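Have a look below at one chain only, the form predicted alone, in structure tokens format.
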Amino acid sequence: MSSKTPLYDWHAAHGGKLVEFAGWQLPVSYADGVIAEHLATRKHGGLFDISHMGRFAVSGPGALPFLEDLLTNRASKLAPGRAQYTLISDPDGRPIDDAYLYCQGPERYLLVVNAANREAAWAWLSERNQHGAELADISPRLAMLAVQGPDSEDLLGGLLDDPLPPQGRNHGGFNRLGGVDLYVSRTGYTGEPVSFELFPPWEQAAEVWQALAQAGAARGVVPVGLGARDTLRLEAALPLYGHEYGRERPIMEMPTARLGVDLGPEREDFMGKQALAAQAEGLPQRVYLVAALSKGMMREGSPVLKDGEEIGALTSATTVPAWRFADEAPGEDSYVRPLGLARLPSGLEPGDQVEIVYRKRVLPGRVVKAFARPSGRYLQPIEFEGGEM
């Protein structure tokens, strides 16, 4: 039987189309659908129930040496109130999971892992706790919500008792919302320049969500399901375990892994360091961004060709909506475009022409640097040359 987040009843009562995902009942979308939720997030904001993620508390004098040993980023760089992207690597530089680490105080950390990897990550870390860190799987006690998008700062600022965390990504702090104590961090998984994650107690999460949904509705901020969550992360070119990351794939194949792996001279030895350093010198394959240059469909697993020869396949792909911008802000017109991430031979360059095959139709495509770029408080889509997209 799948599990339910504290917002299950709210989702069911508000038109959420509930599906099973990683052992949880979660909405894939609401009545207006995936495209409307994606566009609303980019223009105003979106609310996300992400309580299915795994949350581990790491504390005590052994916490920092434990994290320094088993995580790829440098936990010692985090001051209280800061967060960082990181990975849990095996000795061969292959991922147990990718994760986010929040320093909430001296000798007090919160590690968030993927829902599907919660048990595996917990077992891996628990079995290697050689420094006596105090570990607790607090997933059943601590919920996790996200507020993402350009209006999220005004929305949250009007609800929180204390000032928002300092400007700049990865800042966080304890706060109160409607009498509920919670932790607020400027982090997220949509690529939005303005984004927050909230950690309220499990039993009070519905109260916080209702306050956000009610105040957000007047601003055009909408609840968002799994479908738009995936198109948003794909447009931001963010990796997803089981797609870009996999148990048998080298971590450094994904370019953004470098944000979560510290191989600097001041970094002491950690699990997988030598293997990751070798991977950083070069790998036969890596993950690239591929944009189709005409209308059409493409999906995960679609073959990618170059000069008529198959060279790899898409690891994530779908049709992603986007706003046309006017005066440096989303206008009234929108369009859709096929975007994907692909595992291809190393050495390709942005601008290289490729082709994507889906159901015997061949789409012209191009390797690109990014699908979108920050523009003030918005994430602006990049329109690629080559037809209506």
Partner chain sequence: MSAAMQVPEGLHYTSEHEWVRIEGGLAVVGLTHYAQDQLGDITYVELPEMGAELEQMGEMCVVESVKTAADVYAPLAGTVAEVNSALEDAPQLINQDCYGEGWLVKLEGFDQAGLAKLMDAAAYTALLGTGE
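Nothing here was measured: the structure is a model prediction, and the numbers come from that model. Numbering follows the first chain given and starts at 1.
Although it is not shown, the form predicted together with the partner chain is what the next lines describe.
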Does the partner chain, in the predicted bound form, lie within 4.5 angstroms of each residue among 34, 334 and 360, using heavy atoms as the measure? yes
Quick one: is residue 295 in contact with the partner chain in the predicted bound form, heavy atoms, 4.5 Å cut-off? yes
Is there a non-hydrogen atom of residue 17 within 4.5 angstroms of a non-hydrogen atom of the partner chain in the predicted bound form? yes
Is residue 104 close enough to touch the partner chain in the predicted bound form, meaning at least one heavy atom pair within 4.5 Å? no
Heavy atom to heavy atom, is residue 319 within 4.5 Å of the partner chain in the predicted bound form? yes
Using a 4.5 Å heavy atom cut-off, which of 42-50, 55-63, 24-32, 342-350 contacts the partner chain in the predicted bound form? 24-32
Residue (of 77, 299, 247, 141) lying close to the partner chain in the predicted bound form, criterion heavy atoms within 4.5 Å: 299
